[in-house]
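So this first bit is one chain, no partners, the form predicted alone, shown in structure tokens.
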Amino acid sequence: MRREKIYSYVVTFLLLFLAIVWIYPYLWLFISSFKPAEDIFTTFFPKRFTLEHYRFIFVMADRFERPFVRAFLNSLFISSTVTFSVIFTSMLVGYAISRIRFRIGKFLFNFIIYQMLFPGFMFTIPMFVLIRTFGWLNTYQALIVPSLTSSWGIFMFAQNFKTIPQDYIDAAKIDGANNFWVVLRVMLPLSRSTASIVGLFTFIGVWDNFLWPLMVMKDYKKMPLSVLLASFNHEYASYIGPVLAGAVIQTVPMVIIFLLLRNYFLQGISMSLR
């Protein structure tokens, strides 16, 4: 009994230590964004806190031709559009693959799984050439269109739809519902956990994406926040405080979404590990 208690204390201490190590970078980032510039690298807790870096972002940044507020709205627009599109297209294609029998259905499902085996960066250069051929460089289309569908999202919805009893679909069709309404009014409400996890991971992936926007977007007014922060840091390295404040602002939407969808997110994680 005593040995189990000691073991429990050791495991608790180890997990607590790992949690502190994991969260320390974000704590340092968050506290440093409120420090005076001279205290950022000299002390962990400053003598006083200030909002000057946040004031710089919202008031002064336009003078440096770096519209942080607009970049934040750009990120929000791009991430939201892609997220809703991925959920919508994934549930439709997932339903077709899992519930409708057609000649190439099995081949399509295997092709989607096969596509998931390749890392995304392999398609970066061919996609850039295609976007340049279409004349979409420095446009929102270049940031949105390549991500409108997701093979991983289709796979997740297809696997979840297979677990829903056929009786629900038959009852809806007896009432006159077509396949589109079956997906929208029956399958989607029963798959809220899957929709939440697909939406959350898609939003985070697009929100944090850096390489692709850096390649296709040179217009500061259309840049997402991640790229604008990097370009500002590259050209005005002495203004580290506003960069830290911008990084904190960039994490806010993800934290809010996670807190709102936390229960669905945990259900989706447990479901995907079965």
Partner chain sequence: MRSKFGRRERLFGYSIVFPYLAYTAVFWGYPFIWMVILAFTKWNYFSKPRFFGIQNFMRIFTDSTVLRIALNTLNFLAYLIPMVLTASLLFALALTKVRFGKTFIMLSFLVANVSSGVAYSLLFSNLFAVNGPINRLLDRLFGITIPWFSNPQLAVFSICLIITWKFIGYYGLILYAGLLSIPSSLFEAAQLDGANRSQIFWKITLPLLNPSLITVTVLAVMLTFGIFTEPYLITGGGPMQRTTTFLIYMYDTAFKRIDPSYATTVAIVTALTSYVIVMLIRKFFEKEVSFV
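This is a predicted model, so every value here is computed, not measured. Numbering follows the first chain given and starts at 1.
The same protein also exists as the form predicted in complex with the partner chain; that form is not shown, yet it is the one meant from here on.
This chain lacks the partner; the member of Y236, F49, Y26, F58 within 4.5 angstroms of the partner chain in the predicted bound form by a non-hydrogen atom is Y26. Only one of the listed residues (Y168, Y140, F118, F77) places a non-hydrogen atom within 4.5 angstroms of the partner chain in the predicted bound form, and that residue is F118. Although the partner is absent here, Y95 sits close enough that one of its heavy atoms falls within 4.5 Å of the partner chain in the predicted bound form. Of the heavy atoms in R132, some are within 4.5 Å of the partner chain in the predicted bound form. Among residues of the shown chain, M215 is one whose heavy atoms approach the partner chain to within 4.5 Å in the predicted bound form. Under a 4.5 angstroms non-hydrogen atom cutoff, the partner chain in the predicted bound form has A230 among its neighbouring residues. Stretch 118 to 126 is the contacting one of 69 to 77, 156 to 164, 118 to 126, 187 to 195, since its residues have non-hydrogen atoms within 4.5 Å of the partner chain in the predicted bound form. For the partner-free chain shown, L92, V93, Y95, A96, R99, I100, R101, F102, I104, L108, F111, I112, Y114, Q115, L117, F118, P119 of 83 to 120 come within 4.5 angstroms of the partner chain in the predicted bound form, judged by any non-hydrogen atom.
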